[in-house]
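The chain that follows stands alone, in the form predicted on its own, written as structure tokens.
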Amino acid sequence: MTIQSQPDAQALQAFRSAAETLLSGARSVSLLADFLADRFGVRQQLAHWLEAVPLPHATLLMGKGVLDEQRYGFAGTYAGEGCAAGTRRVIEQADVILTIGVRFTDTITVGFTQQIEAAKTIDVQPFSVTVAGQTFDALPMSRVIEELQQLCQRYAARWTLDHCQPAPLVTDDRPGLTQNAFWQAIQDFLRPGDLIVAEQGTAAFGAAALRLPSGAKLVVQPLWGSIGYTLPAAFGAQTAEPERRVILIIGDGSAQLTVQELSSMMRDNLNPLIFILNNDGYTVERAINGASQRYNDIAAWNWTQIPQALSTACPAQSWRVLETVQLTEVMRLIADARRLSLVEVVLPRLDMPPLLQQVSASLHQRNSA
């Protein structure tokens, strides 16, 4: 549902004039969307806009899934210096950048490394819009998007469409099951309409590189970084949409904080597909500070027996995988499972997705300054 309020007529006219001045002189335009576009109900509006006016477009990590990642013009997940060069080029180097519901934060942008110049940006927020540094208040997001789409349709014939394909997932030749191998397997496992819930840490930063199927959505919360959030969040998500395939990806340290909600899932006969990334502790914290510190160690659990401990009936099924071939075989078995499925994925302790390597290096440098 779109959240609406009545716009201020004078502010609307002034905004339209300022936006037209900027867009009419542009040779290229890009669009960057984030989670507030989803929260304020303009997902379908954006889809119709990009269908009518093809633009190079991307999302940030927290807004991943707001735009159809299979649509022509999708350039990947934007993360400042942490994203692919092509993604960064088509977004940052456009003459005009349209930012819709965007909130830049440190972990999402590798320490605020975004190069989004205010002088060429139209920044749309829930109840205001800023055009080249001039803010117009009392304008709801939905109405602003309506006006911008009309302006884009008027001037799009003058623009070049600088397109790039999203960067492929990183692969390697290391033996055993690695982060890169796991995320490639997840990419192949995803289906249209899936709801992926990825815990803050290696899970969220690995998920950033995925290219979501149409209709799929990613739930992450790097804005707050509250570990343990995603396990009960997956419970709530599947309670709301019991027929939707819910995939939870969570680290072992985070899971230990809220694992008791597995019992509620089993009680309610829910069937999430849960991947526990067992990398022997808080890998994200090891990367930022204290690789060998004891406070980043956790107690070793027998994860595959946790469901049995939390339910006398135990309708769940569990596996422990240490090799890629095991993981892909288990994925084949659980793809259409109608009961809770828990897969313990054993990964090297200090292995991490490429984006997390960049983010942790940035945070470590800032913490050391």
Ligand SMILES: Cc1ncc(C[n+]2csc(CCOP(=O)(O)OP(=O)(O)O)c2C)c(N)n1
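Every value quoted in this text rests on a predicted model; they were computed, and no experiment measured them. Residue indices: 1-based, along the sequence shown.
Below: the form predicted together with this ligand, not depicted.
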- Of these, 161 to 169, 195 to 203, 88 to 96, 131 to 139, which stretch puts a heavy atom within 4.5 angstroms of this ligand in the predicted bound form? 195 to 203
- Message: in the predicted bound form, is there a heavy atom of this ligand that lies within 4.5 Å of any heavy atom of Asp106, even though the partner is absent here?
- Response: no
- Residue contact check: Tyr282 to this ligand in the predicted bound form, 4.5 Å heavy atom: yes
- Contact of Ser292 with this ligand in the predicted bound form (heavy atom, 4.5 Å): no
- this ligand contact at Asp252 in the predicted bound form, heavy atom, 4.5 Å: yes
- Among Val102, Ile227, Ile145, Ala233, which has any heavy atom within 4.5 Å of this ligand in the predicted bound form? Ile227
